[in-house]
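In structure tokens, one chain follows: the form predicted on its own.
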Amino acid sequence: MVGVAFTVFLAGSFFRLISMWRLAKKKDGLIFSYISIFFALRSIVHWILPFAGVSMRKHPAMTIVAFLFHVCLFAVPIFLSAHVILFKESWDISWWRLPDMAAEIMSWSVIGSCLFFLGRRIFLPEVRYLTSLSDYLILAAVAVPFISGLWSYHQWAAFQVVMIVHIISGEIMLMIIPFTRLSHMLFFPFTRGYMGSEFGAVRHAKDW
């Protein structure tokens, strides 16, 4: 199943990126003429820095939670010691591992962030208006692997069953990335690079 999950993720990501490139070329091929590596990288670097943009400074709580969420979401699955050990046993490759305590704190941070995002979608009218069922399902798809992972780590009740839930939910989350709003992780460098190029090379302005 791990092999299937990675195959779907990689093939799906490649398909989505090629499809988006073809669509952009078909609908507005002129955008490729003013893409600037300098302005694209300037924009990308600027937007991955906390509080660098005006909108980030206007919403400090959202900025802090969003950055914490994204860092932990990527770091825990990649650097969790149990995952690194599995890669070592399966493919004889390994890398640096997070201390277990740090991984646990970061996992709770992801769960807390998901609850924060859920609260925004429920209680803020401007966010609730734009929310659909798929948004709640995506939040669940992200939260369940971390909840079940902590459950299994602490060996709480029926942890053997929960471990299976953890494995399956993690594979599902990986496979749905290219086909849901989670695909923004694939498109971020390109959309931000496009915005940075348009503002910098065409409008001679900053995009933040």
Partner chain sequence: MTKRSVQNISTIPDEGIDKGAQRLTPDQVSRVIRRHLEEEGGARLKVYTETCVHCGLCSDACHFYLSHDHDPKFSPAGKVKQTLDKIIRKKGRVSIDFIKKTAEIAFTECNLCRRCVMYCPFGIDVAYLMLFLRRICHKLGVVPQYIQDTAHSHAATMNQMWVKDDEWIDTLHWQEDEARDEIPDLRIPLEKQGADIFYSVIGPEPKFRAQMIYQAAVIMNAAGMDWTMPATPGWDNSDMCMYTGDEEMVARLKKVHFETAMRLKTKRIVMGECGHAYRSVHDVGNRHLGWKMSPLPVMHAIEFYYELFKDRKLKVNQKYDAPVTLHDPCNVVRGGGLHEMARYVINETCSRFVEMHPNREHNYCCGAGGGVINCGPPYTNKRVVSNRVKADQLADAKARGAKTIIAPCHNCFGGLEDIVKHYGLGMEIKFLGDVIYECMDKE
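Residue numbers count along the first chain shown, from 1. Worth saying up front: this structure is predicted, and the values here are computed from it rather than measured. Superpose the two forms; the largest set of C-alphas matching within 1.5 Å is the rigid core.
Note that the form predicted together with the partner chain isn't included here; everything after this is about it.
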query	finding
4.5 Å heavy atom contact, W96 and the partner chain in the model of the complex	no
The partner chain contact in the model of the complex: Y194, any heavy atom under 4.5 Å	yes
Proximity of F51 to the partner chain in the model of the complex, heavy atoms at 4.5 Å	no
Exercise: A24 in contact with the partner chain in the model of the complex, heavy atom 4.5 Å	yes
The unique member of I31, A61, V45, A140 whose heavy atoms fall within 4.5 Å of the partner chain in the model of the complex	I31
Sequence-ordered residues of 133-171 touching the partner chain in the model of the complex, heavy atom within 4.5 Å	D135
CA of L23, rigid core aligned, shift of 2 Å or more between this form and the one not shown	yes
